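Heads up, what comes next is one protein chain in two forms, each shown on its own as structure tokens, labelled structure 1 and structure 2.
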Structure 1
Amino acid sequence: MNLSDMNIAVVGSGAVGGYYGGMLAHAGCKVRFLMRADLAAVRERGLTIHTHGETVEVPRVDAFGTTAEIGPVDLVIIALKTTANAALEELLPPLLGEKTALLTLQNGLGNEEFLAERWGGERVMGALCFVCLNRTAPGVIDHFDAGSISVGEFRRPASPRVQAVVDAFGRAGIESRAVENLVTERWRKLLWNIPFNGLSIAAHGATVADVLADDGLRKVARDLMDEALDAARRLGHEIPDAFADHQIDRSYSMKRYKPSSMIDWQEGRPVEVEAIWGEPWRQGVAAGATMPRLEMLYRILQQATKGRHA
């Protein structure tokens, strides 16, 4: 499997899909983007990615309004929010050939299971994106910090196709690695997403810098990490305490970054409450963990996003 010789479709071409798909396209991969709101602008002006003080231009973009127009591909990169997963029932079938692989870049828990139940586990891979970026205008993405991606198979060790994906991202200038246990990596990312995405809403629009600058919020963030660490370990995922400390330390460079969940909340869009907070809490409690802070945050977010989360 060599991604430079394969057709790739990106479903969910917002900040995440636009960034990773755009960088692959810039590196020479054949990428087709499903777009709705940005379709006309991207067809006219292409994609612009501001990253690390440089500007990456992808002037000619294969952008489409439907997956039927795209047709079967070799790899589908799924970057929709989990709140839109129901739409995949209609979006994915036109893209699927006999051996089409599915790579989900979505946050939280349960994403690979959703895909496997409907289209077969043998198709499914997952990736964890450790990145700070926002879509700032149609076809324009600002990349603020980090950017690495970790790729693994669904309930299987890393395979040659995982390494091919990793190599392709590496050639696109993105730090990437293959992982043997994808679920462990999901818990590692949740250590950041649970506190920082959650507190950004619960504290009425707190940026990463706001959380870190407030002694109380910073302690709550670390306490939430401790609960997630306990749950992960009870579920068989050994993550050292030092990794949580690292997550706090590395966040200072993000400065006044607005987590994606905060932006969704502020703009009245659905928030991934169940995937990021609900499912980790349920799995942790079922494994015997005590998670009062996560449960409180989960309940607050349910109320704060009432009527618009899946």
Structure 2
Amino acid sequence: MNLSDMNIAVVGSGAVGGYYGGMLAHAGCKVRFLMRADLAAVRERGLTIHTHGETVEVPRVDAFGTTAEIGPVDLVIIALKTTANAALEELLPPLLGEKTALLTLQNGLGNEEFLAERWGGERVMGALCFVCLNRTAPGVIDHFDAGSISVGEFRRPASPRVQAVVDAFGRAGIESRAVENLVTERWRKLLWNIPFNGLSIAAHGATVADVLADDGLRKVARDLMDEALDAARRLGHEIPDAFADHQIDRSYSMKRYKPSSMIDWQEGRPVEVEAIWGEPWRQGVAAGATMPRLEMLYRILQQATKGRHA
């Protein structure tokens, strides 16, 4: 499998899809984008990515308004918000050939399962994106920090096709690596997202610096990590205590960073409550974990974001 010979579709071309898909296109991959709001602008002016002080221009972009126009591809990169997953039921079928692979770049837990249940687990890969992006105008993406991607198979060790995806991202200038256990990596990322994204909304706009500066709130953040850590271990993921400590320590350098969920919340957009809090809580409880803080945070966030539609 070599991505430069393959047809790739990107479904969900917001900041994440536009950035990772745009960088692949810029490196010569054949990428077709499903777009809604930005379709006309991107057809006219292409994609512009501001990254590390440089500007990457992708002047000619294959952008489409429906997946029927795109047709079957070898790889579908899914970058929709998880709150819009129901839309995939109609969006994906036109893209699927017999061997089409699915790669979800989405946040939290439950997305690989969603795809596997509908279109077969053997198609499914997943990736974690560690990246700070902003879509600043139609077709214009600001990439202002990090950017690495970790790619793995669904419930299997990394495979040659995972390595092909990793290589393609690498050639596109994106730090990338294959992971042997995708779900373990998802739990490691959740250890940070659960407290920092969640408390930022519940405490009405608390930045990372706010949480860390308040002894009481920092302890609550660490307690939430411990609940997630216990759940992850019961589910078979070996994550050491030191990793949780490191998640707190490394956060000091983020200063007044606003977690992505807080920005979603402030801008009136749907928040990925089920993927980041609901599903980890349900899975942890099913494995026998006691998670009173996560349960309360989940219920608070559900209520606070009610009525926001994808």
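This is a predicted model, so every value here is computed, not measured. Structure 1's sequence is the ruler for residue numbers, which start at 1. C-alpha atoms forming the largest set that superposes within 1.5 Å between two forms make up the rigid core.
**Q** Between the two structures, is it 1 or 2 that corresponds to the form predicted on its own?
**A** Looking at both copies of the chain, structure 1 is the one that matches the description.
**Q** Comparing the forms between the two structures, with one rigid segment turning on another, which of L102, I49, G198, L182 falls at the hinge?
**A** So the residue at the hinge between the two structures must be L182.
**Q** Going by C-alpha fits of the two rigid parts, what is the rotation of the smaller one between the two structures, in degrees?
**A** So the smaller part swings through 13 degrees relative to the larger one.
**Q** Core overlaid, T207 C-alpha shift between the two structures, how many Å?
**A** Taking the core as reference, the C-alpha of T207 is shifted 4.3 Å.
**Q** Where the rigid core has been superposed, how far does the Cα of V285 end up moving between the two structures, given in Å?
**A** Its C-alpha moves by 3.1 Å once the cores are overlaid.
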